[in-house]
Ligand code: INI
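As a starting point, one isolated chain is supplied in structure tokens, in the form predicted on its own.
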């Protein structure tokens, strides 16, 4: 369970803004619906998805956030650029979470086309921003339980 003083940072890409603003809206609505107050949420907008890990690391370096949620949208084009961006960003975000022992949530849509992206930004497949907010809340609780040594223990025979 999140605590009243838990702080969240959201890093959102401005590239493909017609998608990323929907992700941001879903994320914010979900956090607020789960009792997170607006004054405990900071939003940083970056040029594109490639810049998300750099901003996320800078926020983690401040040591004041319980979770950093990364939102973006990469749509496949005609070159290999898509593959390079997706691989670099996903690896960097995963590494940040491991390195800082803080939830760094991957809320980046990687789609083949605009319709797939729209479907994942509040369309028929849900909202990746909403999913990212839920993951952040759950991971804060899980990590808190691990640190408090209060996870349910199973005995094997």
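What you see is a predicted model; the values in this text were computed from it and never measured. Residue numbers count along the first chain shown, from 1.
This next part talks about the form predicted in complex with the named molecule, which is not shown.
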Practice problem: Look up in the predicted bound form whether residue 131 has a non-hydrogen atom within 4.5 angstroms of the named molecule, and give yes or no. | Solution: no
Quiz item: Does the named molecule come within 4.5 Å of any heavy atom of residue 47 in the predicted bound form?
Solution: yes
Quiz item: Using 4.5 Å between non-hydrogen atoms, is residue 84 touching the named molecule in the predicted bound form?
Solution: no
Quiz item: Going by the named molecule in the predicted bound form, which residues of 12-36 come within 4.5 Å of it through any heavy atom?
Solution: 13, 15, 16
